[in-house]
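Quick heads-up: the structure tokens below are two forms of one chain, split into structure 1 and structure 2.
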Structure 1
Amino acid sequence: MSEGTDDLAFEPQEEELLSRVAWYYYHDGLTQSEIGERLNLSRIKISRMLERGRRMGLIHVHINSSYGGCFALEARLQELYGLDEARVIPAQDGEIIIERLAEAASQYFMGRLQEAEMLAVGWGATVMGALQRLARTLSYRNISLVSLTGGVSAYIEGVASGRTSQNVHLIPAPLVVSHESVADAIKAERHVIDVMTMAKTANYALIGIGAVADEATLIGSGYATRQQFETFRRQGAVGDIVGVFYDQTGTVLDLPFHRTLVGLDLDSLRQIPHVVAAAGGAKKVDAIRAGAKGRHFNVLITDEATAQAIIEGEPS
């Protein structure tokens, strides 16, 4: 943070961090040392940030910031669904939600990934956007990438350009194949088994959440048809994670489509300690809520309007 003549000016990302520190300190009652451990900052840095917040007028009796409402939503989401963590980004007109969520996801991982750790990645536009923003961090910290499914090679290879092949581990197959027997044969290959086994040992996973809608990335990418989605919808599907569809309670459906997927199932995904879902938008509210109920992820990154809608849809 800058000091001096522009002491009262700060960037939006600076306000977010300062507001988060203030919320933890004044609302949650954490000590400065506990906050420092959580955010990987020194206790002295936390103390200076709190003092600067008071000087700037951001901190009064309450947290005088647009981010405060987001923190309350985060706490409510964690309480409702037993999440380890929730990140809610403030509402903002005129910006594409996928871009904002990708930025939020990249910022989350910049603060979490340690030297030589492994990040498993799913499929979708938000995941791709986050990886693009993370490219330099992944390189500097020697982070290994491993795919959770087939079909991700196109954008992972773009992000990983210039890195050694030892840092990137891909399932060399599409996300969906033509027949169950083809999927079984691919998943029986030694290299595919090795990559899928490796994915289960990752420290973190980044996944998107799909809605059962005509605009779904699965349809746009040619992996499924509108007719298939209509069938899934009639069978109770409200969303999917890595191509696996589930109902409003988060229960995975028994669909022939699943047997043509190449990748980890949702039970295997749970073996990863930190499964981070980044998703938002009105059409994904039901899918995100059901995914949380099914405990298919334990960290959620979403936007303010989506978080409000998820919570309001729960019985009071």
Structure 2
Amino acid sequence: MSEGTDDLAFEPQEEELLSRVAWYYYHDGLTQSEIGERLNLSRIKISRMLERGRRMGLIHVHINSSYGGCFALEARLQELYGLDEARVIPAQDGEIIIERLAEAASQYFMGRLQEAEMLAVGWGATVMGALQRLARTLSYRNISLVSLTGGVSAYIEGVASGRTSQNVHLIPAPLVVSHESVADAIKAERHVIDVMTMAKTANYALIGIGAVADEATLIGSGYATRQQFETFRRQGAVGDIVGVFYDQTGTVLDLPFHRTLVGLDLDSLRQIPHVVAAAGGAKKVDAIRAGAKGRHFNVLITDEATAQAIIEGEPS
């Protein structure tokens, strides 16, 4: 699915040319052939440059509406769970929901993040996708990234694509360790404390929501086992946020697993003024609903079908 990230960035020279082409094309309404003539390049080349520009995020189409598209659902979600904001993107049957959510999330942040702000991020495919799309914006606006949990490798994908490297702060620890005592020791480390403190001061956080399902990223990346998940499920877990599991009402469970996590807990997370959750898919409906009930986030980005399902399951 992921068509690879290709080259990470352009030569500044290429970027200049590309900007110019994009400007001619999108703002001046010249055709690709006209641009080609003007710049002495073949039409084909222009076409390819534009495609590249779009894929790399240099050219970005913004839909300038307060909502992604589904007004009624958004209003309902906000009302039900006291969210500051909800974004519901139009349905698209059987499609790559993650990519679309990532797009929506990146769009959300493009409109909010300001110069030199700090963005705390969790992990998960959606979050990483959003970060990739945001890469240029982040570097131009001088945004610092900080991870909410340990587990460096889980973040690499989202972080690598920019030359933002100077401003990325990852908690230098695994996401889960073998024993509570180890977690405690790590959390007492100076470098770890520093980053976690930084994360707590962020103005925005972007998180995913995990379902308690076998396809969960947590299992896929080896941080947890199916057996553990089975246990969690028996104890009432319906979802997790940054590795912390909660039940149907959004109440955090008391699991030994949690004590072996390195990362912010949900109470600390809630201190961040704007916690944006991006998640969707049939499997995650319960997890999202419960997370919303528990007020673990205040902005939700999801898709039409999921929003519908969340709301429908409500009267229970």
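In this text, rigid core is short for the largest set of C-alphas that superpose within 1.5 Å between two forms. Each residue is numbered by where it sits in the sequence of structure 1, with counting from 1. Values in this document were obtained by computation on a predicted structure and should not be read as measured data.
The second of the two structures is the form predicted together with the DNA. I301 is not among the residues whose C-alpha shifts by 2 Å or more between structures 1 and 2 once the rigid core is aligned; its shift stays under 2 Å.
Once the cores line up, the CA of E34 ends up 2 angstroms or more apart between structures 1 and 2.
With the core fitted, the CA of Y24 sits 31.8 Å away from its counterpart between structures 1 and 2.
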